[in-house]
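One chain comes next, on its own, written as structure tokens: the form predicted on its own.
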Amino acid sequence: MTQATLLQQILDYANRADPYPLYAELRRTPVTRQEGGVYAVSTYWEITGLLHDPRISSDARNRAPQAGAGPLPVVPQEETDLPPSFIGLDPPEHDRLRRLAMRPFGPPHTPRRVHDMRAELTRTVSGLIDAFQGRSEVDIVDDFAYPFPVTVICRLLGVPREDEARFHIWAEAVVAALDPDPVEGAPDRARAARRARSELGLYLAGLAEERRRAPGDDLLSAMTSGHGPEERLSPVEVVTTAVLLLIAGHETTVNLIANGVLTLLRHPEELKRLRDEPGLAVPLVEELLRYEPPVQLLPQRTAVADIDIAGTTIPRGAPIWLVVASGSRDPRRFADPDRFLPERPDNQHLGFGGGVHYCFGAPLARLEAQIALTELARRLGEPRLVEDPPPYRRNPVLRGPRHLRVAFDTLAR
């Protein structure tokens, strides 16, 4: 097997159910130049170093055309209707926007925001599980893992939950464009994503204007009110930030919960432990983030200077893919990395990335997964997989089951 074909095999949907043997093969050479000029980085220490390296840019405008874009379609900025959100920017622009977005969400200005949502999250989970009454089989994705974080992010951001059918279509188009596989209509996906992002932006701009006139206790209201002339998001920045939070606020958590249920049903002894020891949920979710992370690849990075790493020089302007799911199973960093060990010590996984782009919503995602998995373990009697492996989403970046059918005998109160 040649290094040039490994990344394409990882992108191939046929390997979506179990890409980990391919990651192990990729790690034999920590940094490899792939077709199209992409440099794939697959080992823990090298990925961690680059996540904190200021010579790595998240801004697609820094991509040198002559370096080659690789399989991932790069959309020129002038062709988009919205500028990038802070996740696609570098310091200092990134830092200012992220700081303003964080003010109403977490420390230091709103330190209890996520903590104080625990009771509401538990009620939402309980209501979704109550709806399983009278059934002997559910689709964990459609009936639980998707509606739970969507309900939460709508409440948090200030988006009407009844509008889900509208923004779901837009979100799916935006996420589909993250698929770096060039085989099936990448240019069409990119155009559809631009159109969807524009339409979603117009929708959220209307909501932001409503919140400006009549503020509530949601993030849109806080972002539109600002904190003085020097601490205010512009109207366009409010929209780009809201688009990011709405999509990222549920897409990855759906995968985290679905991957978690799948993993627990494949490890019934750990499912029983979680049922008997609810406190196990905290380290168990951390191990899930390492063992079956919802984000597998970070493909939108660019070298802004020549970088020497692991015996390879990545030239300035070259596209870089950080294969974080591979790094989290690197045996140089984690003992017995292919085993699911909920109480694994020193579990500094890459499930939320790292550096200045460390996942904005990590505290909320952790809490959502802890509550969701604990309640499912407690209430579903004799749960079992109907199909293993389940059908997966096509996207290799955001990897998780598209459907996860689970049968059960009883439903506890």
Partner chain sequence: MAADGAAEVFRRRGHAVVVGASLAGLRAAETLREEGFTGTLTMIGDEPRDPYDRPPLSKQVLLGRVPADGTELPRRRALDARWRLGVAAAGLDLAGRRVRLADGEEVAFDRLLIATGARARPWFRESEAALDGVFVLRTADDAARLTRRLAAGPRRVLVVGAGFTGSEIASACRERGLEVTVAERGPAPLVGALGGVVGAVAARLQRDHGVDLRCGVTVTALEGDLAGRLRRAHLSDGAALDVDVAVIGLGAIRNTEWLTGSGLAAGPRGVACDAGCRAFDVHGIVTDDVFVAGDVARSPHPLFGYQFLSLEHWGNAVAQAEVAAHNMISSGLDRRPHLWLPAFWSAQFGVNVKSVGVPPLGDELVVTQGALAENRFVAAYGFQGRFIAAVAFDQGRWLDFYRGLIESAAPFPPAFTNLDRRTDGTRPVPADFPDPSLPTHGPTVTLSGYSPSERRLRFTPAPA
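Residue numbers count along the first chain shown, from 1. For clarity, every value in this text was computed on a predicted model and none was experimentally measured.
The same protein also exists as the form predicted together with its partner chain; that form is not shown, yet it is the one meant from here on.
Remark: none of the three candidate residues (Asp12, Val174 and Arg194) comes within 4.5 Å of its partner chain in the predicted complex, counting heavy atoms only. Checking Arg384, Arg61, Arg55, Arg33 against its partner chain in the predicted complex, a heavy atom within 4.5 Å turns up for just one residue: Arg55. Only one of the listed residues (Ala131, Ala190, Leu341, Ala305) places a non-hydrogen atom within 4.5 angstroms of its partner chain in the predicted complex, and that residue is Ala305. In plain terms, the part of the chain that comes close to its partner chain in the predicted complex, with a heavy atom within 4.5 Å, is 353-361 out of 353-361, 22-30, 35-43, 376-384. In the predicted complex, at least one heavy atom of Asp90 sits within 4.5 Å of its partner chain. Remark: Asp139 does not count among the residues lining its partner chain in the predicted complex, judged by a heavy atom distance of 4.5 Å or less.
In the predicted complex, at least one heavy atom of Asp95 sits within 4.5 Å of its partner chain. Contact annotation for Arg161: none of its heavy atoms lies within 4.5 Å of its partner chain in the predicted complex.
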